[in-house]
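In C-alpha cells, one chain follows: the form predicted alone.
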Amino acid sequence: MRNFGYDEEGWSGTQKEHRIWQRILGYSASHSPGLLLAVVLSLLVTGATLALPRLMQMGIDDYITATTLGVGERVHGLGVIALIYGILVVVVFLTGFLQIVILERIGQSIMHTIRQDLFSHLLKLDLAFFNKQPVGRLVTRLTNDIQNMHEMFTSVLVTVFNDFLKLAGILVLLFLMNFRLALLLSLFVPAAIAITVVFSRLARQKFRAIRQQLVRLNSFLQESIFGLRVIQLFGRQADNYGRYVSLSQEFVQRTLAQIRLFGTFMPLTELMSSMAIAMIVWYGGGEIIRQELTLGEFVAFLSYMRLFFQPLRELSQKYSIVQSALASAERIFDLLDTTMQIRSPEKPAQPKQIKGSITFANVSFGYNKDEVILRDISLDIAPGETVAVVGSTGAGKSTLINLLVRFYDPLQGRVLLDGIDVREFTLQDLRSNIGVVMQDVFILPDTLLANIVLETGIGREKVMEIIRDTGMEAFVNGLPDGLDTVIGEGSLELSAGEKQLLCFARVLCRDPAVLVLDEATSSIDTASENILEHAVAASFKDRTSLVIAHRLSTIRRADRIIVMDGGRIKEQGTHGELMALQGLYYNLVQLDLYQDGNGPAGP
C-alpha cells in the first residue's frame, strides 16, 4: 500500500498534496457545468453584496444630504435607491440559495461515487489485507472520511473563492473611493492575515488532537459494549467506568483548548475590526470636516470594513476543514490504490466440465512469510472421493481450503483442480465449482428463499427439489411461512443447526463439482442433527468432498481420513485402519477430540 505521508487523524502536508487535489478534481470533472454555474452565482452574490454599501453612499450623498434638489426629488430618489437595494437583497438570497442547492447536489453525487468506488474496491481485496486492517478503520473510511470530503465540496471550494473575491473587491472599491484612507486601512491587512494564518495552524493542531482522542474514546466504548458480558462476569464495571471517565476528561480538556483558541481569535479579530472602524471615524471624520470626504463615503467605508473582516474569520475555519478533508481524501485514495494480489488471469482456462479431482503438489504456505503453516503438502483426491481432514487446532486444516478456493496463493508448490492450476481459472469460475459450507453462515435480512437462491436466480421448484432430496422439508415446513419466512436481524433468528441447513441448500443450488465442509457440523444442535446428517449424506453423493469436522459420524463417512500435525500430513487411511495403527488419529479419538457427542468414541 502506498503511503502519501499522513498520520491517522491529520494531514501532514507533504509534497504529494497536488496529487490529492488532482484526484479530487478528477471526481469533480463530470460536474464542471454545475461547478461553473456555482462560480457564476458566486460572482453575482459577491457583486450584489458589494453594491449594497455603494447604494447607501449614493442615497446619503445624492439625496439625503443634497441641497440642490427639492424635497420631492430627494424622496423619489431615495425610493428608487431603496427599491434597487431591496432587489439586490433578494438577488443575494436567491442566488445564495441556488448556489447552496447546486453545491449540495454536486457534493452528494461525488461522495456517492467515491463511496461506491471504495466499497466496490473493498469487496475485491484479498483476505490477507483484511487480516491486517481493523474493521473500525475501514468503516471510518466509508463514513467519516467521505463525510469530511463532502463538507469540503459543499462549504469550501466555491465559498473560499467567493471570500477571496469579496476581499479583493472590497480593497479595490476602498482605493477607488478614497486612496489615502484606504492606504491607511491597508496597514491592518498584513496583521489580519498573519493572525489568520497563525490561528489556522493552531486550530489544525487542536482539531487533530480532538479527533485522535475521539477515536480512542469511541474505540474503548465499542470494545466495552462488545465485551460487556465478560466485564459483568468478572466484575470489571468500576475499572472500565474509571477508564472511560479518564478518556472523556481528556476529550473535554482538548475540546476546551480548542474553545479557548477560538475564544482568543474571534475577539482579536473583532478588536482589529473595531480599531479599523475607529481609524475610519478619526481620520474619515477629519476628512468630512475638511470637506474632502462625503458622509456617504464615510458610511460606505464603515460597511466595507465590516464586510472585510467577516471572510477572514471564515477563511480560518475553512482552512481547518480543508486540512481535515485532505487527510480523509488521502486515506481514501490510499485505500483505493491498494492492489490485489489474487487476480483472475487475462487468458483463463475454460474446461468444458469439472470432474472434481484435487491435487496439492508440494504446497508450502504461511500467512506471514516468516511463519510457515503448511510444509511441503502433497495430496491427491480423486473425483467423487470424500476425504476428511483432522488434526489439532493450528495444524493447517482450514488453510488447505483457503488455498483451494484461492483466498491465498501458496508460497511454494501448486494447487490443481482437474489437473489445472487454480490460478489459471477466473475467480468466479473456480469458486462457482467449489461449494463451501462454513461454520459461520452469512444471513441476509430477507426471506429464506432469497437467502438460498442469492445470485443464482434458480426457480422455486428447483429449490424445493433440493430441499426434498436433502431431507430438509421438516425444517422448512416448521417455519411460519416456509420458504417465504423473513429471517435475519430484526426478524426470525435461526438456530446454529438451521443456519447450517440453509447453507447446505445454498451451496447445492450451485451444484458444485467439489463440496467443502469447514467445521460445518461442529456446533450443530440436537433438533437439527438428524436432518443435517441426511443433508450431508445427500450432498456427498457424486461429488468430490473435502471435510474438516469434529463429529465422528461425519468423519467415518469419508473414504479416506487425512491426519495433519504441524503443517504436515502425518497419517492417512480409513477410520478402521487409523484406529488399528494406534497413532496420532487414535490418540485424538481417545482424547475425545473426535466423537459423536455421547461419550468417548471407540474403534
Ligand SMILES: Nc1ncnc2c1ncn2[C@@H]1O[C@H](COP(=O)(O)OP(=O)(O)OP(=O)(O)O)[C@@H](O)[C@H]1O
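Just count from 1 along the sequence shown to find any residue number. Just so you know, these numbers come straight off a predicted model, no measurement behind them.
Keep in mind the form predicted together with the ligand is missing from the figure; the text below concerns it.
| task | Classify Phe251 as contacting or not contacting the ligand in the predicted bound form by the rule of any non-hydrogen atom within 4.5 angstroms, answering yes or no. | result | The answer is no: Phe251 has no heavy atom within 4.5 Å of the ligand.
| Should Gly394 be classed as touching the ligand in the predicted bound form when contacts are defined as heavy atoms within 4.5 Å? | Yes.
| in the predicted bound form, Ile373 touching the ligand (heavy atom, 4.5 Å) | It does: once the ligand is placed as it appears in the predicted bound form, Ile373 has a heavy atom within 4.5 Å of it.
| query | Do Tyr408 and the ligand come within 4.5 Å of each other in the predicted bound form, heavy atoms counted? | reply | Yes, Tyr408 lies within 4.5 Å of the ligand in the predicted bound form.
| field | Heavy atom contact within 4.5 Å of the ligand in the predicted bound form, the stretch among 98-106, 493-501, 398-406, 354-362 | value | Going through the listed ranges, the match is 398-406.
| field | Triple contact flag Phe119, Gln341 and Thr426 to the ligand in the predicted bound form, non-hydrogen atom at 4.5 angstroms | value | Answer is no for this spot.
| Pick from Asn131, Gln232, Gln350, Thr143: which has a non-hydrogen atom within 4.5 Å of the ligand in the predicted bound form? | Residue within 4.5 Å of the partner: Asn131.
| field | Candidate from Asn240, Ser274, Gln439, Ser432 lying within 4.5 Å of the ligand in the predicted bound form - any heavy atom | value | Among Asn240, Ser274, Gln439, Ser432, a heavy atom within 4.5 Å of the ligand in the predicted bound form occurs only for Gln439.
| field | Sequence-ordered residues of 56-78 touching the ligand in the predicted bound form, heavy atom within 4.5 Å | value | Residues within 4.5 Å: none.
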